[in-house]
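The data below hold one chain only, encoded as structure tokens and taken in the form predicted alone.
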Amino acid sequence: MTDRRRVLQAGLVCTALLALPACSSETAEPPESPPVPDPEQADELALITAYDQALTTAGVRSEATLRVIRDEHVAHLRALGWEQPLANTTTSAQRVGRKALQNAEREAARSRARAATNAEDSERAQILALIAASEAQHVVSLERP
């Protein structure tokens, strides 16, 4: 008859063995290449970068508005299926002003509306249409002092 202590010890040994990496003569698989964003995701990533750059030089009054809009672009990116972490984009010293952001938002709204009309999947078309409307609203928000 096996006592309880021996059963627990055997269980611990088995657990430890399972936790160790297996030795193998096979070579490790090369790391996967980073995912390539589709055009809409790439545009959202570019807008997030622009807002990150604008936030580095924004005044206190503008910062709150810019932060809200930037966070909405992160939500747009996630809605478009991007699951990767966002890279730190504040390393550039390029200054981005409100007019540049307004122009980028106008173009993004037009681009999303076109993509929505050309989307083959109705769910994707709805998401793109909602993002287009949101980006049009960003233009209005940026026009306020």
Partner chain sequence: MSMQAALDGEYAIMYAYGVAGARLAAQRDVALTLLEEHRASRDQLRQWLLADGDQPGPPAPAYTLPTTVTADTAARDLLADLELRLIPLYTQLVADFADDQPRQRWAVRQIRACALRAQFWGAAGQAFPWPEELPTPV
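Nothing here was measured: the structure is a model prediction, and the numbers come from that model. Positions refer to the first chain, counted from 1.
The same protein also has a form predicted in complex with the partner chain, omitted here; what follows describes it.
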Which of 94-102, 116-124, 50-58, 33-41 lines the interface with the partner chain in the model of the complex (heavy atom within 4.5 Å): 116-124
In the model of the complex, L86 touching the partner chain (heavy atom, 4.5 Å): no
Proximity of A46 to the partner chain in the model of the complex, heavy atoms at 4.5 Å: no
Residues of 65-81 having any heavy atom within 4.5 Å of the partner chain in the model of the complex, listed in sequence order: E72, A75, H76, A79
